[in-house]
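Let's start with one chain on its own, the form predicted alone, as structure tokens.
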Amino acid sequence: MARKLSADKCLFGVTVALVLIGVIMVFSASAVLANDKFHSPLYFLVRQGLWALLGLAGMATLMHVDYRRYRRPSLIYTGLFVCAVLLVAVFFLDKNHNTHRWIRLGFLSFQPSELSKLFIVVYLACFLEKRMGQIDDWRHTLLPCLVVVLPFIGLIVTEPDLGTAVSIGIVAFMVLFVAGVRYKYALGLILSAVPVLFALVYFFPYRLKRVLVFLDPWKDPLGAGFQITQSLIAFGSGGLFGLGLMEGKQKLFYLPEPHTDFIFSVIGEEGGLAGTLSLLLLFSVFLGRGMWLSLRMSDPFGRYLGVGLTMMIVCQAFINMSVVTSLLPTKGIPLPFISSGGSSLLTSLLGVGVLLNISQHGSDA
């Protein structure tokens, strides 16, 4: 039996700091919009606060649940089955923003794709542990992984939500890489994904348009390039130290989705370069600490699970920040812990709860 240790304080502290920053910035970014649409400037603040409390409670609970309990096939395959059913069910519900991503229960909404990420990581960690001696046997290791993961990616792409699908693919690749898959197989996976991504962009006009706009957003700043140009204006307006909390102008019906997908732009305007670098530092610490805690594990399941959970959060953060700074084509994907939205916040905090429990079973820091 592994010697119990206290949960990693650095990872815990960084996570709580990110959540608090998120609650504050959601209020700053949404107050005017919420007052205009719902006649209450506190509308999104209250929702984010409630989700944050629920998520932190879930994190506190899971950090005391032995991560090795998640090895049970009954839990893994039941979870994958439920996620698959929910991902299919969204296609029978009304569209929202021309997509089938949400299941709505009254005033609450939930994205099954967020929950799917957790169970995919747990499945990969458990399956790859059992195949440690056969990691390079593509028929009995790589193929079963792809058979399970690719249908989920396909359903999520069909919603459509290419950003989340790509992030799941990257996380799965990282777990396989850490598990010791041969470089030739890793390269093969990357090369096989390139034509698929090309087809998913080239044969879908709205995605191709986003790529073309990404190449020159200022060609049509009031039309197709409006989103990204307004985001860049927000960063430019912030200067070194920003305009101050609540003082941003781009969120006033210029910047699209200022409290969700483009909340990093609001941070850039109100917190300036100092604010954005501070947030980047927090995510960098999260990445470094999460990977270090995971890779020191002698238990392969804990090592793969920890890497997957860490990359699940950091990869999504990287994509979001790259999009709003015009390093990647525009794609709606939330910034973990920061963006308004219960599904992403709850899933991320539950993942951190498992990661904190893993930290208790490693060797001394």
Partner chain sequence: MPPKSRESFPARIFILSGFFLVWAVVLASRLVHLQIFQYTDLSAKAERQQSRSFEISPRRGTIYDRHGRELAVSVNVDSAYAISSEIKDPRQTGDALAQALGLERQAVLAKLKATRGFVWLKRKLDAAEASKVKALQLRGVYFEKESKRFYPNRELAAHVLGYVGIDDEGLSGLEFAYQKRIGGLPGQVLLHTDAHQRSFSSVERPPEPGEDLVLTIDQTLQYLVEQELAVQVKESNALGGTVIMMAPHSGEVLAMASYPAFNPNHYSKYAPELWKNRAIVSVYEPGSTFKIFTAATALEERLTRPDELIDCLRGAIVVGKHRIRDHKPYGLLPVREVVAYSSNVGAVQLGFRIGKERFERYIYAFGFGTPTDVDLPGEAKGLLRPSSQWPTVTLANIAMGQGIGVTPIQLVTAVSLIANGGHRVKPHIVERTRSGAIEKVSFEPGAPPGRVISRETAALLADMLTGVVKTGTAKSSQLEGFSAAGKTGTAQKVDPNGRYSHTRFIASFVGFAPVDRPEIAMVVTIDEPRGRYYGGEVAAPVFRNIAEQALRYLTVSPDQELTPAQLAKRRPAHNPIPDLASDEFEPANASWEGSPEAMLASQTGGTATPDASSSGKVEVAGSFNRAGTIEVPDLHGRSLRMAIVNLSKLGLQLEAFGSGLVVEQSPASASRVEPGSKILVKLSRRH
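Residue numbers count along the first chain shown, from 1. As the structure is a prediction and not an experimental result, all values here were calculated from the model.
As for the form predicted together with the partner chain, it is not shown, yet the points below apply to it.
Partner contacts here mean any heavy atom within 4.5 Å of the partner chain in the predicted bound form, and among 190-198, 71-79, 278-286, 151-159 they occur only in 278-286. Only one of F110, F119, F226, F127 comes within 4.5 Å of the partner chain in the predicted bound form through a heavy atom, and that residue is F226. The listed set A31, A52, V314, L62 contains one residue whose heavy atoms approach the partner chain in the predicted bound form to within 4.5 Å, identified as V314. Shown alone here, L328 lies within 4.5 Å of the partner chain in the predicted bound form, counting heavy atoms only.
Taking the partner from elsewhere, L252 is found to have a heavy atom lying within 4.5 Å of the partner chain in the predicted bound form. Proximity of G272 to the partner chain in the predicted bound form falls within the 4.5 Å heavy atom cutoff. Taking the partner from the other structure, the partner chain in the predicted bound form has no heavy atom within 4.5 Å of any heavy atom of T141.
Shown here without its partner, the chain carries V178, F235 and M321, all of which come within 4.5 Å of the partner chain in the predicted bound form through at least one heavy atom.
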